[in-house]
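One chain comes next, on its own, written out as structure tokens in the form predicted on its own.
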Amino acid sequence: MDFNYTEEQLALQDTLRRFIARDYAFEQRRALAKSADGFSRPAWKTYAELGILALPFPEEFGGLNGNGVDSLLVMEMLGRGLALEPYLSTVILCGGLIRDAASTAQKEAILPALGAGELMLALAHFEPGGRHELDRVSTRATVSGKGLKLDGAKAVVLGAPAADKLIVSARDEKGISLYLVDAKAPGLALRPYPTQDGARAANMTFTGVEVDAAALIGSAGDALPIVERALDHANAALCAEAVGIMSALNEITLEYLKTRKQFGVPIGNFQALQHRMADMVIATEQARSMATLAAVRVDSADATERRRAVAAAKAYVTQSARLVGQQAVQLHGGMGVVDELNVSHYFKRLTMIGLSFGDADYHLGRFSDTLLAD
């Protein structure tokens, strides 16, 4: 297997690296996190111009035919910059779901708009008390006239405050189905809030929200495998983002050890701290290997192979991220937890990544299930 990146992939990575360094400084990011949107609309437009919003979509719908490895490169760079834009929820999660399951008419209406930065989506699937279980859906879709009406509640819908449309899961007479719903539909109430890492999410309730038959995504009753596939892509992307953050933390921490002095010498001269720094680098490189495995296997047509690789990667990367994040904070001493230092923000984001779409224990269980299936 060839693990070398193509010239186009390296060029994309370099372009994103330069954009993050030039236009996404840490102080600017802190200001964006406190703004009304919680992210940068100009940056989103730049992402569209760079082509990364259209990257995972087919050419016939205005995309670039990107694969899991292409998404890995993008997410790693966005992780280094602690980007706040809802790229994961809109492009990777919802865009991937539309790409894989929507009708041709829905793809023609949605994917070009996503790639151009004109449309944002959010997946409303998880519900209060459901934890990470995909089949815990109590929101109901009942027949109403020529269409349906939705009643229920969803929790921690990432990117919902900025979304123009929602992909909502609900139980109907055939099982669990997915529906495309306007974010401003009558009867839909959002309670937005900032998450611990500075991003935005919302809880929402549906009270008689009307949708027509054309809003159905895929086949009625077949939502679970569609959602699982989309979440596997999202988890593979989160692993790549975590690797970008860990790499940045290693660089920041190493520089601090070289410059911070104690007893008249840089603290990096102390062997015990050198050992801890070495552990951080090893953990990061091991996590990178697992994230690469997930990126390669996430496009597999074999659901078991995809599930196994992604579950193993998410469990391992989460554990490695905890080690690297905690060591970075501790090696910075008291400064490691202050809001004015980017280390604390990297640590918060790593923590949120570890809890998003299944924690380490949950994915260890998924991995074990794939072994039993053999």
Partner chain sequence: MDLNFTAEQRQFREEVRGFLRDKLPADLSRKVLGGKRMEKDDFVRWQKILHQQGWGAISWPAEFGGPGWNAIQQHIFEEECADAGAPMQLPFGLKMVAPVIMAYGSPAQQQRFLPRIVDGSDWWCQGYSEPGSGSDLASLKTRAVREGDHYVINGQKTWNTLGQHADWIFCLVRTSTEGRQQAGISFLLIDMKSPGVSVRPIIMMDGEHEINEVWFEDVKVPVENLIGEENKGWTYAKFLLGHERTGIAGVGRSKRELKKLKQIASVETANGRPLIEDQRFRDRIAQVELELMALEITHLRVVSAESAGEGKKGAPGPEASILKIKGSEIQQMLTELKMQALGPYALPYIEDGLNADWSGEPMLQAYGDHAAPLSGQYFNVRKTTIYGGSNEIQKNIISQMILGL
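Predicted model, so just to flag it, every value in this text is computed and none were measured. Residue numbers count along the first chain shown, from 1.
The form predicted together with the partner chain exists for this protein as well; it is not shown, and the discussion that follows is about that form.
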item	value
Listed residue (113, 220, 303, 293) with a non-hydrogen atom within 4.5 angstroms of the partner chain in the predicted complex	293
Candidate from 224, 254, 185, 155 lying within 4.5 Å of the partner chain in the predicted complex - any heavy atom	254
Whether 15, 21 and 299 all lie within 4.5 angstroms of the partner chain in the predicted complex by heavy atom	no
Touches the partner chain in the predicted complex: residue 279 (any heavy atom, 4.5 Å)	yes
The partner chain contact in the predicted complex: residue 100, any heavy atom under 4.5 Å	no
Non-hydrogen atom contact residue 352 with the partner chain in the predicted complex at 4.5 angstroms	no
Contact label in the predicted complex: residue 107 to the partner chain, heavy atom within 4.5 Å	no
Candidate stretches 305-313, 26-34, 46-54, 337-345, one within 4.5 Å of the partner chain in the predicted complex by heavy atom	305-313
Heavy atom within 4.5 Å of the partner chain in the predicted complex - qualifying residues of 55-70	69
